[in-house]
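Before any questions on binding or motion, here is one chain by itself as structure tokens, the form predicted alone.
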Amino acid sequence: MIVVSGSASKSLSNTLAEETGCALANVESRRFPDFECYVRIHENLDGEEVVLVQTSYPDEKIIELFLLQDAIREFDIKNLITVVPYFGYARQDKKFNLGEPISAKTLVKHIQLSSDSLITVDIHEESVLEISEKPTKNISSMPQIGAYLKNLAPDIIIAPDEGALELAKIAAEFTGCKWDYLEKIRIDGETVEMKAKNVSVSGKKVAIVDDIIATGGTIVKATEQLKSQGADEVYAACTHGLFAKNALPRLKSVCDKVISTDTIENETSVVSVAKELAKALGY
């Protein structure tokens, strides 16, 4: 097997190659003066099983992904496994208004066309993968996030809402602590309080885990309220650290630590999903 890295996922691809003991292809990716994308794979991939790793965010990385798939298909390969660590557009998984596309399904449909199988990591809505005519697999980063959090010794891991409770549960199993979720309690017409549903956070170290942190508004508010309820320290951990609209400085101003994985590579990417991807690939 040989790993081909897109420019959005260089660090993860390198770690995955090390984890599996597979070769990492020499890939050239650059932009023409008009910003159109040029890619070239400086390896002979004939007869190889190829794993292409490329996050489909931001938009220009989607075009690069499609071009890399085509470049790989120009060789006489055994098969192509496309790994999309962060699957952009996954959050619009239904049509809310007449005339809208279902963006998540659109992207799945196009990515799977040139793939023999597709692997995602904590995709926002796993059911959108059902549109694929090729085999798909969605893996969780929470075992690795839980293993990292274990070193920080939190007393409780909390999901920001009930929908993310399963993520908190998985991370807590690897950390060895309790888990819970935040419940929104309306105090009056203008005031909403967020509290852990079943346990007190007073005097505790708390880790909030979620799949995506985008603008960070919910996490900032939750952290402020948890600390007002007596939490000693609050850590924010997510699979995909988008950190849009200056979110990271805002998070750092209230959280004791901000943690994300290498699905989107940034300064908080202290957890790698390479081990979980290696397992999914049979290593």
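A quick note: this is a predicted structure, and the numbers were derived from the prediction, not measured. The first residue of the shown sequence is 1; numbering continues from there.
Missing here is the form predicted in complex with a small molecule; even so, the following discussion is about that form.
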query: Close approach of His124 to the small molecule in the model of the complex, 4.5 Å, heavy atom; finding: yes
query: Partner proximity in the model of the complex: Gly241 to the small molecule, non-hydrogen atom cutoff 4.5 Å; finding: no
query: Proximity of Ser29 to the small molecule in the model of the complex, heavy atoms at 4.5 Å; finding: no
query: The small molecule contact in the model of the complex: Lys94, any heavy atom under 4.5 Å; finding: no
query: Listed range touching the small molecule, judged in the model of the complex by heavy atoms within 4.5 Å, from 195-203, 126-134, 208-216, 101-109; finding: 208-216
